[in-house]
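Below are two forms of the same protein chain, given as structure tokens: structure 1, then structure 2.
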Structure 1
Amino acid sequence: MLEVRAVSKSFGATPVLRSVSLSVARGEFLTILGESGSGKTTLLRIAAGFERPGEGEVWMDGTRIDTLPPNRRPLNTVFQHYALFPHLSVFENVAYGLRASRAPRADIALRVEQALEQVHLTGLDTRKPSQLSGGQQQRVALARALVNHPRVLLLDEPLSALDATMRRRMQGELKALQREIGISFVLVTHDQEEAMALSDRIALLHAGTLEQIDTPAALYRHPRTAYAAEFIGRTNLLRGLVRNHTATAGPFIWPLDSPDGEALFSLRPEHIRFSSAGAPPGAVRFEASVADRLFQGSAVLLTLQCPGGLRLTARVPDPAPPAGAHSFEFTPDDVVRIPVPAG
């Protein structure tokens, strides 16, 4: 439905996007994820028409739209700061765009009523933004975008101004709303947990390039770069060597059907377990001392001091055993080989 084709953008001599291409399917919830300065907001603004690409094109349903102004593109944007008019009621805030486009008065009333019902704000149409909670203000911004019947809704970190509890609640409401109305959502965020919870697919940006685009599960379980492995959740990166179907990384050795050469491996903390008598065949066992513990509710994050000075992070159920030496294990299937970064 929406395609970004080889888009590049620089501000002065500083490149912000480097030949980024991605597509959004009809009814898909796609999240553009990245740290500050990755280019994610610039990419969204190019799709919306608030920035022009230096190179590349934007297409929707087979029509090129990067030559069109924002108000002629069949999409709408919800911004990080909701930009509600404080002197206007909820109804008038939502109706503003329709009035500007000279829609019939009867049509305006019906569409505003429908939009407010979609975001569960029926009965609050006469209130001013100052009389609403942060979550309600966010829903007004959503209604103002939805009232225009866009085919794609762009969301620029719309939950970042909310406290943690309200943010989690609104994440659920946002996903439910997207499923209910059935249009494509494109969300920009730096919050990996938010991206994992909401998305059908995640496009991970790093320094203006597309590191990986995949489902949340595939991005977590099968990262294609060291950056993706470390940015999505926690991981242990192990440098090693593969030779004659055997992988070696520090003190660890395990069979691996993979081409010979230098290797980089990702081992997630939850895949390191305390050794048990019922361990799977071929499990890699090792001794390590618990150097530090970080309580995380139902789990504890352990810092393990391994032979040869190697440190690993393990996530184990609480209660965890006391500090000191213990026996741990992981299986070869738990380890993901990723390309060694150049240089």
Structure 2
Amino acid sequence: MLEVRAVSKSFGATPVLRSVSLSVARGEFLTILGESGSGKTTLLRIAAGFERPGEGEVWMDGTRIDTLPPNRRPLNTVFQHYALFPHLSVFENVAYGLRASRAPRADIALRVEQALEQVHLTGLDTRKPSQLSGGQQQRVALARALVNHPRVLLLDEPLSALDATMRRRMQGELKALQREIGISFVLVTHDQEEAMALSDRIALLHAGTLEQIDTPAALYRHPRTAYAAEFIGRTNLLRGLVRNHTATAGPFIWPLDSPDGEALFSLRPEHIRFSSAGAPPGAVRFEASVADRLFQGSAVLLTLQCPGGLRLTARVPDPAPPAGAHSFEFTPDDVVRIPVPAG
């Protein structure tokens, strides 16, 4: 339904977006994930209409919308820091869009109440935004956008101003709300955990380029770029070779059905474990000494010093054995081959 086609944008001489294309399906929760400066907010602002694309187009349900002003686009935005009108009450904030589209008076009161109920915020109609807590302001911002029945809801780092506990709670509510009303959500965030928890699909943006767009699981299990592998979770990136159906990386060798050539391999820390008698056939074993350990609650993060100077990070269940040399292993199937970037 919402479709971004080859959009590029520069601010002065600085390119911010380089030919980004993506489409959002009906009822989908899509997250645009990226570090600050990746262009994710610009992409959202282009979709909402606050910025014009330098090149490319934005379409919605078969209509081109990048030429329309923001007030004539069938989507609404939840702003970072909410942008609630400080001079209007909660009720008037939520009613704003309905009044702008000249909805009947009786309709307005009803729909505002419904929207406020939807976000679990009732009885505060006459308050001013400054009299609300951060979580309540967040709810008003949601209601203010949803009351207009947008076909797509855009959310610009909506949870970044909340503290950790409140943020987790709102994440749950946001997901439930999206399922309940069934419209598409496009969320912009720099928080990969938030993206993993909420999204049907994640579009990973890096330096204005779309690195990968996939379900959270696919993005985690099959990163297609080194950046994607490292940004989503932790990983060990190994440089190596594939020749004659055999992969070589540092001290490790394992059979691999893959075209010959240079390669990068991603090996997640949780895929390295202490060797055991019942290891699956074909597991790669190696000796390493534990150089450092980081306690993480349910698990321990170990820095392993391997033969040949290679260092790996392993994530093993707590309690871990004491420091010293141990035998470790991983299963070749867990290793993901990533194409070596050109140059």
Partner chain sequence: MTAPLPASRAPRWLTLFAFAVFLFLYAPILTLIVYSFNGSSVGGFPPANWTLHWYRLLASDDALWSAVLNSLAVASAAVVLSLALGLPAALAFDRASFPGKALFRRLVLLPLILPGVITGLSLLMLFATSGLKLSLFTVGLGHGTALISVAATEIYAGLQKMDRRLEEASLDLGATQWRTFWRVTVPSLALPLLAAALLVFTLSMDEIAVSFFLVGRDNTLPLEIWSRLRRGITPEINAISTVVFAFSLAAVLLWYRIRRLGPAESSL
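All of these numbers come straight from a predicted model, not from anything done at the bench. Rigid core here is just the name for the largest C-alpha set that superposes within 1.5 Å across the two forms. Residue numbering: sequential along structure 1, first residue numbered 1.
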Structure corresponding to the form predicted together with its partner chain:
2
I want to check T248: does it shift between structures 1 and 2 by 2 Å or more at the Cα, with the core superposed?
no
Per-residue C-alpha change between structures 1 and 2, L132, threshold 2 Å, rigid core fit
yes
Return yes or no for R72: a CA shift of at least 2 Å between structures 1 and 2, with the rigid core superposed?
no
Core-aligned, what does the C-alpha of F85 shift between structures 1 and 2, expressed in angstrom?
3.0
